[in-house]
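What follows is a single chain, given as structure tokens, in the form predicted on its own.
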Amino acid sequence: MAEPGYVVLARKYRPMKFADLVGQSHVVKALSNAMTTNRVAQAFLFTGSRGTGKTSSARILASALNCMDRGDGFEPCGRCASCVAIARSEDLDVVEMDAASNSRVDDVRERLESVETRPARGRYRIFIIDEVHMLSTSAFNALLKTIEEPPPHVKFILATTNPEKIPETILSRCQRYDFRRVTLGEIVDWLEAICAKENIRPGDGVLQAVAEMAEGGLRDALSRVDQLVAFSGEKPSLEDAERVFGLVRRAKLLDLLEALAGGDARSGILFAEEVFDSGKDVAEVLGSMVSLARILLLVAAGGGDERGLDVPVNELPRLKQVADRFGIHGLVYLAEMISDCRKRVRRAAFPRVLVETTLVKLSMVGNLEPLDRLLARLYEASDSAVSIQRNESQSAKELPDRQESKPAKDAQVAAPKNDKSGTLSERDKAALDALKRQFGAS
């Protein structure tokens, strides 16, 4: 049982200063320059995927703006009454609103009623609206005028994972900052530092696996570490992580793909059987395969250039080996097939059959030919048929008149035999014409 008052790692190590933000140096630089030069906009928009620090940055910025002991720098002190209250979400001058559960126009109007009220303690009255894209059209309209011309003591900080749903009228009135996904190496280094503070000693490869599952989100990474420690104690192993999260090691996935590239359909069937019988989340396993297919595609397309590859150096030789077995055309086919299977598997009536047939299809990737090569062969067959027909026509015209007077039986014997291997039926010609039209050939 968890100890009373236990705080999960994701909350315990939530960033409290700009220096604590991981992987967002561009945002930190822009905001710190705005603070030091006193060029702070009236409205900010923080966008990015989950767990990258949008809401934490909004609170840090609010603390910096209202810090009572900031001095000439840009970092909040973290000790004054204002900073402590903001960290606890108890400050009267900072109004936080979750648009996911307060999306109506009445909810926005209720918050905006206090816009004209002067701040109780700090310099500014700050409105933080999380998941702002969830607001209704009427709510956005109610917010528009206030964001455009707020009172001097008011600042707005909006956060969202889906900026495409925000009206352009709102976007044009905000300074937008895009939070990028944190790289695999940055997440691993950050987790190692936290594990050292918490006296957690994970086994080899554990933090690497957790970081890969987090998909660039620090909060997800810490939440999984918390779950893993609850299961296995302070010394979690990679086997523990596989049991808790239903993982499949990258080395095992590479073995599978190498077997499929060699035409071994049986390996695909056995792998699907193991995944389903062990109770692993099939969608998670397929997601790992999609990520691996992307890495292999980058390896094949990079031609030896390792830039952009967020993988350990010791794994590169094996990745290059498997990528060469498939080739770039085969890897494109692999990524598309696995992605489509992952999308369909959750709603499939027989998910096991779907996964098995997909893996069997991938075992036939060695028999696939590029479309341009198939079209070239069809063109060659078509030209050969036209040439034979033209030769037959010329031969018929050059026959002497006496041949025409021979009986029909003799004429059939003298006529050259039709080479069926070089001719196309009407059905084949129609199919060829359809292919030419589809792919823009004349």
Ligand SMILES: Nc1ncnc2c1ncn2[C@@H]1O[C@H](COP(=O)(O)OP(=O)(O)OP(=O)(O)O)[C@@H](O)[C@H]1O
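So that there is no doubt, residue numbering starts at 1 and follows the sequence shown. Given the structure is predicted, the values throughout are model-derived calculations rather than measurements.
Just so it is clear, the following notes concern the form predicted in complex with the ligand, a form of the same protein that is not shown.
Peer 1: Looking at the ligand in the predicted bound form, do all three of Pro15, Arg219 and Leu222 come within 4.5 Å of it through at least one heavy atom?
Peer 2: Yes: each residue has a heavy atom within 4.5 Å of the partner.
Peer 1: Tell me, out of Thr146, Thr161, Thr358, Ser267, which residue has a non-hydrogen atom within 4.5 angstroms of the ligand in the predicted bound form.
Peer 2: When the ligand is considered in the predicted bound form, the option within 4.5 Å is Thr161.
Peer 1: With the partner left out here, check for me: in the predicted bound form, does some heavy atom of Tyr124 sit within 4.5 Å of the ligand?
Peer 2: Close contact is absent here: in the predicted bound form, Tyr124 is far from the ligand, nothing within 4.5 Å, heavy atoms only.
Peer 1: Considering non-hydrogen atoms and a 4.5 Å limit, does the ligand approach Asp20 in the predicted bound form?
Peer 2: Asp20: contacts the ligand in the predicted bound form.
Peer 1: Does Arg377 make contact with the ligand in the predicted bound form, using a 4.5 Å heavy atom cut-off?
Peer 2: Answer no; every heavy atom of Arg377 is more than 4.5 Å from the ligand in the predicted bound form.
Peer 1: At the 4.5 Å heavy atom threshold, is Glu242 in contact with the ligand in the predicted bound form?
Peer 2: Looking in the predicted bound form, residue contacts with the ligand do not include Glu242, since no heavy atom lies within 4.5 Å.
Peer 1: For the stretch 47-67, return the residues whose heavy atoms include at least one within 4.5 Å of the ligand in the predicted bound form, in the order they occur.
Peer 2: Ser49, Arg50, Gly51, Thr52, Gly53, Lys54, Thr55, Ser56 sit within 4.5 Å of the partner.
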